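Next up is one chain by itself, shown in structure tokens, the form predicted alone.
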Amino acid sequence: MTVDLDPPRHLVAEAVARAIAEDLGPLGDLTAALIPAETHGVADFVARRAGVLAGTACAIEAFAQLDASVDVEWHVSDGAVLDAGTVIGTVGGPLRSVLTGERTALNFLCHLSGVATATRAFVDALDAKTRVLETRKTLPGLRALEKAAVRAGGGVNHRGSLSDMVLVKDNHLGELGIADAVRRARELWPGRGVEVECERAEQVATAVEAGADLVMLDNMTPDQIAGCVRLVRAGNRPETLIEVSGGLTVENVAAVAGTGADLISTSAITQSAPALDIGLDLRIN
């Protein structure tokens, strides 16, 4: 199955427009205006560190919004594994425009490639049966772009917004019982998936019995997770998906996945992902 690695076009355009407006300020690029308008230049995007590429659509959009005459050519695509020194792509056109768009393009490329790189590290630590998902801990306004970067890194996406599915968490359970929450969710939103966050095995049993589609095991030890997996698989709804979240690292995730969980979700691949170092090197004739 082919995975679409690009975020929605209109969301790319909106995010880039905000970034460019923030960068230009009221007077535009004062420094680039010093360069003669007729001067053209060519520059290469180069990976300074090994990683996974994402965000090329945003870089293209940055130059397109500034100057349609700027040409961007990619030598590799989103999802490509990069070595330090890999020439990712080339941009050419009026030098003023190339330099004005440089930082906006790189900000998106570095951040989103960092997300893809962090995701790939988790994916590589697991077997193919366990899928890696992000959480809603994303940078405001960039969620769709970060989710695309997660896909570029080999992960899959959790809900994109609060309206995508019902996820009953601990703070909801302060007012609702698990069984009542699942029942009400089915009545109000019969076409939506229902997930329940669980901190104890008895909550897992109640959620499965109530008909939840997924149970999220939050901040449990591998032994506790394994016990909950056995509980679900031996019950009346063994097909219930089991997600594990909380305190996951590249170092411990294999032990967690070895319990038989279907999904692991972590904010480490979005909120905490370090940027991948990518530069734009101007060719000097």
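These numbers were taken from a predicted model, which means no experiment stands behind them. In case it trips you up, residue 1 is the first one in the sequence shown, and so on.
Unshown form predicted in complex with a further copy of the same chain; subsequent notes refer to it.
- Only one of 78-86, 116-124, 202-210, 155-163 places residue heavy atoms within 4.5 angstroms of a further copy of the same chain in the model of the complex, namely 155-163.
- In the model of the complex, at least one heavy atom of A181 sits within 4.5 Å of a heavy atom of a further copy of the same chain.
- Contact check for I264: every heavy atom lies farther than 4.5 Å from a further copy of the same chain in the model of the complex.
- In the model of the complex, V72 stays away from a further copy of the same chain, with no heavy atom inside 4.5 Å.
- In the model of the complex, Q65 approaches a further copy of the same chain with a heavy atom inside 4.5 Å.
- Residues R184, A185, E187, L188, W189, P190, G191, R192, G193 are the ones in 183-204 with at least one heavy atom within 4.5 Å of a further copy of the same chain in the model of the complex, listed in sequence order.
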